[in-house]
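Just the one chain here, the form predicted on its own, laid out as structure tokens.
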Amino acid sequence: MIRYAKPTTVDEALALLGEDRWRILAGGTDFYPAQGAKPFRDNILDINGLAGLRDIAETDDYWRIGARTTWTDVVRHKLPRAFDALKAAACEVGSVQIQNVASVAGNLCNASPAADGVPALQVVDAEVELRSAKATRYLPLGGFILGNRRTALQPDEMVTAIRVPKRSAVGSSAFVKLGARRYLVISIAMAAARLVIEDGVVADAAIAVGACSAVARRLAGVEAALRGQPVTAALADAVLSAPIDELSPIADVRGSAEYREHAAREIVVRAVCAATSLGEGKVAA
């Protein structure tokens, strides 16, 4: 017999996960479309009663985003400018109605190559908090999302939070998405950039691209090319000439692999320019 449970505490939810296999239901914006009209065949663990998981909190070392925190919550919360890319990505996740109920953690657990939130979280070195009844562990985002629709989540675990180290929550950031139209569209390519600028020079850079590989990727070559560069129009040239070996663009109905590779470079340039904090996405001549 299929079971349905709606626990009211995290401990109760973890105990249930330890005794049987469950399909976790949070915002439901991926859950219900994937289910369609098919009959339910899995036990359903509804975590919408876990009020403590819907919160954004600051500690001495981290910013902590609870697993049930919605994209609208992210947009409305006062956060450092390093999170501007995440806020911009939040506004691109489906419609406003979806943003009101879809959770940040659900976007990660769905593990779509085109998940809008992933590049923006990668550039702030986000890590995923995984809890079971026996232990709590933390994985970097790159170690949690393993491939298309694959994660490192174990059957007895649930994601309880996303943590961002404060050392990475510095500088300014931007997010650029390329789609077939302006709203309600799956990304052809997307990029997030976070720059730390000191005395007119890029002291540090974090760049990530999504929808151009099975998993969103940090671009180490682009990051290295940007570090030490003065904030001028030459930043665009640094991006365009840097290696992007991390990408392995896919081809599908939204675009060819070649198109995605060229588009990725262009949107990285736009994200870098927007993150320079000089306004209108431009850099000084």
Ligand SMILES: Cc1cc2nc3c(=O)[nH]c(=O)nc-3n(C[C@H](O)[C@H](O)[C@H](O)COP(=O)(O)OP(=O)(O)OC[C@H]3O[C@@H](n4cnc5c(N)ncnc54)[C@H](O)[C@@H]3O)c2cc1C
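From 1 onward, residues are counted along the sequence shown. Quantities reported herein were computed from a predicted structural model and do not represent experimental measurements.
In what follows, reference is made to the form predicted together with this ligand, a form of this protein that is not presented.
- Only one of the listed residues (Ala205, Val159, Val176, Ala126) places a non-hydrogen atom within 4.5 angstroms of this ligand in the predicted bound form, and that residue is Val159.
- Of the residues given (Leu25, Leu16, Val10, Ala263), Leu25 alone sits with a heavy atom within 4.5 Å of this ligand in the predicted bound form.
- In plain terms, the part of the chain that comes close to this ligand in the predicted bound form, with a heavy atom within 4.5 Å, is 86-94 out of 86-94, 210-218, 196-204, 135-143.
- Contact annotation: Ala152 falls outside 4.5 Å of this ligand in the predicted bound form, judged by heavy atom distances.
- Contact check for Val101: a heavy atom falls within 4.5 Å of this ligand in the predicted bound form.
- Residue contact with this ligand in the predicted bound form: Val185 places a heavy atom within 4.5 Å of it.
- Among heavy atoms of Gln122, none comes within 4.5 Å of this ligand in the predicted bound form.
- Although this ligand is not shown here, in the predicted bound form the stretch 26-41 places heavy atoms of Ala26, Gly27, Gly28, Thr29, Asp30, Phe31, Pro33 within 4.5 Å of it, in sequence order.
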